[in-house]
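Let's start with one chain on its own, the form predicted on its own, as structure tokens.
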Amino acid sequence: MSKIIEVKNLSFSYDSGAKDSKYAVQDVSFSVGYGEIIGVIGHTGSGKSTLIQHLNGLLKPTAGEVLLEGKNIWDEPKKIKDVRFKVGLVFQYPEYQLFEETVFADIAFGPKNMGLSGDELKSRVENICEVVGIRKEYFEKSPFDLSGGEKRRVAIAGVMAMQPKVLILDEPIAGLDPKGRRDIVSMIKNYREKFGAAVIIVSHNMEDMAVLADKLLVMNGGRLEIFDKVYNVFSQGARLNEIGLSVPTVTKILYLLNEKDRNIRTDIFTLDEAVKYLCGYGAGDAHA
């Protein structure tokens, strides 16, 4: 798979140059392919948010580099705005950044900044709303009259409307009810499938990472601890516990069942898989 983002030996210190400066991110290297969904996990203070803010140039590395389609994003500092159109970043609780009078205007704000106008702008907004499930009857509503989950969908759609090749989301489902969480997960999947974009998601929710991500990037103390397929990361439950993380809840339950019956598998990480497996186990055909 060809690479859209490459991070090479990235280090960053907020007080670079100070005698006792400490690195928030240190010597991190990884790459992301087109269409991949990468989950970024780690305990509070592990460097997750600092890392992702380098990917679209909000922060500049103290050392190392970030390549977008093979080119260092800081080669031409005056063009860093173009990088931010290609690498869209959605901060945690993006609904707090809504400010336009209508849903349509809020979603159109980013594409307008890209220079789109008229029918082209209208088409861009309508297309992304179709992809993410925002109905046209919402267009003239005030975003402030929407529910919390709906506001967040609109805020995320505003970044998606710029059609970034890399979409980065910081805790996109934090604080939402189950329906709101499902809606955001569906939006993310639909966007990836429609545009073939890479998606990078920071989350504390292991269940969502098990369902959404292709690979997991584990940060610990500012360093990259593990970067591997979801299965291979969650299979290292003991190591994750050592650094203050955990496996999905359904896997914890399987571990408890395994204490009673050693034939019970513990390498299942999603609820749907577990239900299917345990139903089959009860029928006597789930040992494989």
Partner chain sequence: MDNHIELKNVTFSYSDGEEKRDIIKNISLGIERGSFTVILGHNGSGKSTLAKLMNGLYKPTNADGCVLVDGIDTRDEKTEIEIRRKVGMVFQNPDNQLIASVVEEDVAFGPENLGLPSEKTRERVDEALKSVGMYEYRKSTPHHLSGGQKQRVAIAGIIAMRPECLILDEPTAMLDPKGRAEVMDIITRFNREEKMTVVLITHFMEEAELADRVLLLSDGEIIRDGTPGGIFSDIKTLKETGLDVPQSTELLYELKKSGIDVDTDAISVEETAARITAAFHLEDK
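Just so it is clear, the structure is predicted and the values come from calculations on it, not from any experiment. Numbering follows the first chain given and starts at 1.
There is another form of the same protein, the form predicted in complex with its partner chain; it is not shown, and what comes next is about it.
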Would Leu146 show up as a contact with its partner chain in the model of the complex if we use heavy atoms at 4.5 Å?
-> no
Would Lys215 sit within 4.5 Å of its partner chain in the model of the complex, counting heavy atoms only?
-> no
Looking at the partner-bound form in the model of the complex, is Asp177 within 4.5 Å of its partner chain by any heavy atom?
-> yes
Exercise: Asn232 in contact with its partner chain in the model of the complex, heavy atom 4.5 Å = no
Which pick from Leu224, Leu68, Leu240, Val250 sits with a heavy atom within 4.5 Å of its partner chain in the model of the complex?
-> Val250
With the partner left out here, if you bring back its partner chain in the model of the complex, are Leu116, Asp119 and Cys129 all within 4.5 Å of it by some heavy atom?
-> no
Since the chain is shown here on its own, which stretch among 187-195, 68-76, 202-210, 131-139 would lie within 4.5 Å of its partner chain in the model of the complex, judged by heavy atoms?
-> 202-210
Residues from 250-264 in contact with its partner chain (non-hydrogen atom within 4.5 Å) in the model of the complex = Val250, Lys252, Ile253, Leu256, Leu257, Lys260, Asp261, Ile264
